[in-house]
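Take a look at this one chain, the form predicted on its own, written out in structure tokens.
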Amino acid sequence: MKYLFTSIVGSFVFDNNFNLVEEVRFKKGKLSGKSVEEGLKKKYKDLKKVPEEKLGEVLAFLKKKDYFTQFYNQNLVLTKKKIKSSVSEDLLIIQAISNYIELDKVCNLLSRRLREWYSWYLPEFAESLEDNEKFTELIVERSKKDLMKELGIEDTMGSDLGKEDVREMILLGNEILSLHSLRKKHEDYLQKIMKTYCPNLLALAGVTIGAKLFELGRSLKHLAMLPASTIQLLGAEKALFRHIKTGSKSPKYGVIINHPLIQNAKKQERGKVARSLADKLILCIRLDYFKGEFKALEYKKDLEEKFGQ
């Protein structure tokens, strides 16, 4: 009776006393020994796999220093392959939405600085428009006179700054607009990848809410294993822990608060809408993970009819 054992180093044939009869070492980078095993089985007709109770003896044999270098090289190849195959759509979505959120913060921070700066030049306009992106576009594209004419004023409290001073504000405005453009490109990219990977979640939650759920859940698989109540509260962990610790009011929703169904609902009904939305979202996530049919629009219609939207 002969016994066969295969590891990342190679395939080994042992006799009844577990003395080595033959070994076939793998070349660097080759991790599968199916073809080698088939050849050895043809050569040794009575070949069987090593029984579990004898694995200790085989592994002790492979501890010889002669195999160390090959073990190291093969493990290095295996690790590289594992790292390479670990990059999934989950990670791509998480990276894109994380950068999207960071860009949003940077845009808001710089826009606040630009408003304060521009208010020394034309304070009336700085206070007339809330939309940061639109505000930035207008001060970049139009002169002070044009903006004053649009506001219907002939005189301003702002200082008469020189061209060099105004140019610095315009430079900042152009950089802010380029960041807005990059953020939009990230949103388009997320739309594209999520349409293929999780179409149900995208259709019901929208691109930003869906991607934020990915960021918090870390993967579609993990999200699919969560109950609807957890999906409802993802993003509200601090408020939840504060409720548990101090007995303060418990949160009703996390990142899904920005969903149109919740935003358009009456304040006293938002908790109910959030629960129903979370129920449908978890169904969408599980349909996407288990490669089910597309039913998001049906769920969305049911929710809109239920809450009169």
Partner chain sequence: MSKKIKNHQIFEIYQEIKGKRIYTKSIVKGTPFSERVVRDGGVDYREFEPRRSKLAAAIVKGAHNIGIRKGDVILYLGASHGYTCSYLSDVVGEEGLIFGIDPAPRVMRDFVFLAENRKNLVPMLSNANHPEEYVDKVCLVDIVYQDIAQKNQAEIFIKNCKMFLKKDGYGLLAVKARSIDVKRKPKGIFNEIRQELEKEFIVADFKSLEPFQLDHCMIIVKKK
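Note that this is a predicted model, so its numbers are computed, not measured. Numbering follows the first chain given and starts at 1.
From this point on, the text means the form predicted together with its partner chain, which you will not see here.
K.L.:
With its partner chain left out of view, choose which of K48, K245, K266, K249 has a non-hydrogen atom within 4.5 angstroms of it in the predicted complex.
P.N.:
Exactly one listed residue reaches within 4.5 Å, namely K245.
K.L.:
Just one of W120, Y197, Y189, F71 has a heavy atom within 4.5 Å of its partner chain in the predicted complex. Which one?
P.N.:
None of the others qualify; the residue that does is F71.
K.L.:
Among 82 to 90, 108 to 116, 225 to 233, 132 to 140, which stretch sits within 4.5 Å of its partner chain in the predicted complex, heavy atoms only?
P.N.:
Single hit among the candidates: 82 to 90.
K.L.:
Indicate whether its partner chain has at least one heavy atom within 4.5 Å of a heavy atom of K27 in the predicted complex.
P.N.:
Contact check for K27: no, nothing within 4.5 Å of its partner chain in the predicted complex.
K.L.:
Within 4.5 Å, heavy atoms only: does L303 come near its partner chain in the predicted complex?
P.N.:
Residue-level check for L303: no, no contact with its partner chain.
K.L.:
Does its partner chain get within 4.5 angstroms of any non-hydrogen atom of Y3 in the predicted complex?
P.N.:
No.
K.L.:
Consider L78 of the chain shown here, and say whether it contacts its partner chain in the predicted complex, taking contact as heavy atoms within 4.5 Å.
P.N.:
L78: yes, in contact with its partner chain in the predicted complex.
K.L.:
Under the 4.5 Å heavy atom criterion, name the residues of 57 to 75 that approach its partner chain in the predicted complex, in sequence order.
P.N.:
Stretch hits, in order: L59, A60, L62, K63, K65, F68, F71, Y72, N75.
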